[in-house]
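Only one chain is given next, in structure tokens, and it is the form predicted alone.
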Amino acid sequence: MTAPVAIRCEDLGKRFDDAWVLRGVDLEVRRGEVLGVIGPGGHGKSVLLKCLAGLLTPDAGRVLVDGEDLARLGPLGLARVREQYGYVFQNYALFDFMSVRDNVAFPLRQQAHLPDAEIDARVAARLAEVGLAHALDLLPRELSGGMKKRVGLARATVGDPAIALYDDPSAGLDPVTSSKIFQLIARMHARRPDAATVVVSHDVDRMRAICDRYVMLERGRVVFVGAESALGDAPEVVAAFFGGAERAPTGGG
């Protein structure tokens, strides 16, 4: 039986000025799966992720979350839907003036109905889980790049979100730290098996360990959707990307 669809893109298009970055994207993100978004750098992967989260408004088509069109929701409706989300930004997006503790607590405090003691306990537990129990009172400027990634991951998942989006979570990290980040993503997904998880990355080797399906974008269009086992029927450019012949350098999507 096919899992329920959490997010559906229908003929999605996004442009900046006269340049179309996404063109006619049809895509489903299912409950319980980890979907990997791959493709050359600069071909629309990060833009797609922001559209899935309602951070960007489509210029064509639509994004449906549990059947609701994000573009038709007002501010309150969009805020309600976004309570389901956890989002790890490529550039960390931590609040420089907040401690690690307060950065991770921020999404829980936005919900406004949790007592402080419970928030503190959840934050401490999640930071311990990502190996940063000692960093509660540090500021972002006191952290390494890998530590910032782990803080971002802790903040995005501290509420065990129903939809988790990761934008190039291992960008700029060494191989050992990258492996740890992907292991953490797998662990976070396992905590809530009905979650829909989307990972944008160029690190195909490490994605293989956690992804159920993939979507590949090229020039803003979908050229492949499916499991790695379906590569035999995929265009040559897709198989080459998986094989490393056209592997793009780690960087922006």
Partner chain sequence: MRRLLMAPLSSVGRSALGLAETIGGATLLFGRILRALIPPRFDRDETWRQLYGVGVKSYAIVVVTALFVGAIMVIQTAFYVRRTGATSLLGYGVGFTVFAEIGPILIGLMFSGRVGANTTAELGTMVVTEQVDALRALAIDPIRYLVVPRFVAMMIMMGLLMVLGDGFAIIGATLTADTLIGVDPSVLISSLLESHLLDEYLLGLGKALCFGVSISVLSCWFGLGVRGGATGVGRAVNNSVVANAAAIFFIDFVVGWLFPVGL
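Positions refer to the first chain, counted from 1. In this text the structure is predicted, and so the values were computed from the model without any measurement.
One more form of this protein should be noted, the form predicted in complex with the partner chain, which is absent from this view; the next part is about it.
Only one of the listed residues (Asp174, Glu83, Asp160, Glu142) places a non-hydrogen atom within 4.5 angstroms of the partner chain in the predicted bound form, and that residue is Glu83. By the criterion of a heavy atom within 4.5 Å, Leu114 is excluded from the residues contacting the partner chain in the predicted bound form. Proximity of Gln183 to the partner chain in the predicted bound form: non-hydrogen atoms within 4.5 Å are absent; the residue sits far from the partner. Proximity of Leu94 to the partner chain in the predicted bound form falls within the 4.5 Å heavy atom cutoff. Using a 4.5 angstroms limit between non-hydrogen atoms, His43 is distant from the partner chain in the predicted bound form. For the three residues Lys149, Tyr166 and Ile210, a heavy atom within 4.5 Å of the partner chain turns up in the predicted bound form in no case.
Of the candidate stretches 64-72, 47-55, 195-203, 211-219, only 47-55 has residues whose heavy atoms lie within 4.5 Å of the partner chain in the predicted bound form.
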